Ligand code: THU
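The chain below stands alone and is given as structure tokens, in the form predicted alone.
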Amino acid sequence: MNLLKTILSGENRILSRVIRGRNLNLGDLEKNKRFNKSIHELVTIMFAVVLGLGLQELDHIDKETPCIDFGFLFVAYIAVILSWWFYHKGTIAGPAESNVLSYSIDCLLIVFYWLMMHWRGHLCWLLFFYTCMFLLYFLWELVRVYQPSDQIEREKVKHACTINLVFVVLSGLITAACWLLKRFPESDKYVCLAAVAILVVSYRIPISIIYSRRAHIDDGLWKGQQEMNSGSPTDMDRHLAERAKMVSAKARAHLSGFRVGAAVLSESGNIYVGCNIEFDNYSNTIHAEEAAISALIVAGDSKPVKIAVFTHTEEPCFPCGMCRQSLFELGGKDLVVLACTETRIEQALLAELIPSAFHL
């Protein structure tokens, strides 16, 4: 049980090393985007192809048990369509899909969808395929648990992962009962059909709720400019401030004693941190904001949308002019800047901090 909790928490070092080692990175942000978009479109086409092939099975309905056979075929259609829909919803609401393992699971799912449509005469195997489907859903979300992401996003994916595991167990129990019974009267087949239909449809309800909540949280993450007058920091604001505070403890500030930490949130949902590093001639000093956005660029990530700057002062301190220019070139005028201390978080749009930014 403790091992399972560790795995679902995203803290298993072996899994983390294996999964993150399969991340796709061509060394260039635009190349990464184009490549991932191409694979995403390919997976979408594969969904369409397997659904199209499945529709041909309408001409091969078993004449001896037409209702049962059509029922299982119809449930398979529903499973494919819902999976297709939530595949797009999940990659939009959760971490970006950029891992070889994720795409491999997508391909395996396509195979099992095909089997679910074409092996309807073997009830035990058919139920086994549905169990494998839920297992692959679980593994797909598990890969996302170990992807770099902000804390709120990771919690949502962990909840989805737990839901998947519950349905793996439920479908597994139905499959095990099926194998034990071996032979089925007509009435038992209707029970199995009803059980599978309920699992396929009811599974999407908690998953939809999880990602819908994510959408509400996004209102606070990505539309900070609409909350400028509210004076209420979001959960993400506080999380960024805490990350910036933590990294400020690592600052090399032996000359000024002015420790600064920065945490930048990227458009893809990842967080990168940095601290100030002072050198004896001062001119070589690296600012915390520079260190954080350097980490973002090195990772090949997308543009920053929000940055928290933490200082151990009474009054919040916004970035200096040089850092504001750098942030403007990477994030644009709508980038949200949080100036944080132990007791306060003040925010402003970059357009307010540098209204006449330099353009070459």
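All residue numbers refer to positions in the sequence shown, first residue = 1. Computed from a prediction, not measured in an experiment: that's the story for all the values here. For clarity, a rigid core is taken as the largest C-alpha set superposing within 1.5 Å between two forms.
Here the subject shifts to the form predicted in complex with the ligand, a form of this protein not shown in this document.
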For this session: Given that the partner is absent here, state which listed stretch (123-131, 203-211, 109-117, 282-290) has heavy atoms within 4.5 Å of the ligand in the model of the complex.
Result: 282-290
For this session: May I ask you to choose, among S266, N99, N276, T175, the residue with a heavy atom within 4.5 Å of the ligand in the model of the complex?
Result: N276
For this session: Consider the chain as shown here, without its partner, and state which of V80, V196, V260, I271 has a heavy atom within 4.5 Å of the ligand in the model of the complex.
Result: V260
Exercise. Could you tell me if I297 has a non-hydrogen atom within 4.5 Å of the ligand in the model of the complex?
Worked result: no
For this session: Verify the contact flag for C320: yes if a non-hydrogen atom of it lies within 4.5 Å of a non-hydrogen atom of the ligand in the model of the complex, no if not.
Result: yes
Problem set entry | the ligand contact at T162 in the model of the complex, heavy atom, 4.5 Å | no
For this session: Classify S256 as contacting or not contacting the ligand in the model of the complex by the rule of any non-hydrogen atom within 4.5 angstroms, answering yes or no.
Result: yes
Exercise. Is the C-alpha displacement of F47 equal to or greater than 2 Å between this form and the one not shown once the rigid core has been superposed?
Worked result: no
For this session: Superpose the two forms on their rigid core, then report whether the C-alpha of S104 is displaced by 2 angstroms or more between this form and the one not shown.
Result: no
Exercise. Core aligned, does the CA of A253 move at least 2 Å between this form and the one not shown?
Worked result: yes
Seminar exercise, completed: Under comparison with the form shown, the C-alpha atoms of A251 and R20 in the model of the complex shift by 3 angstroms or more, placing them closer
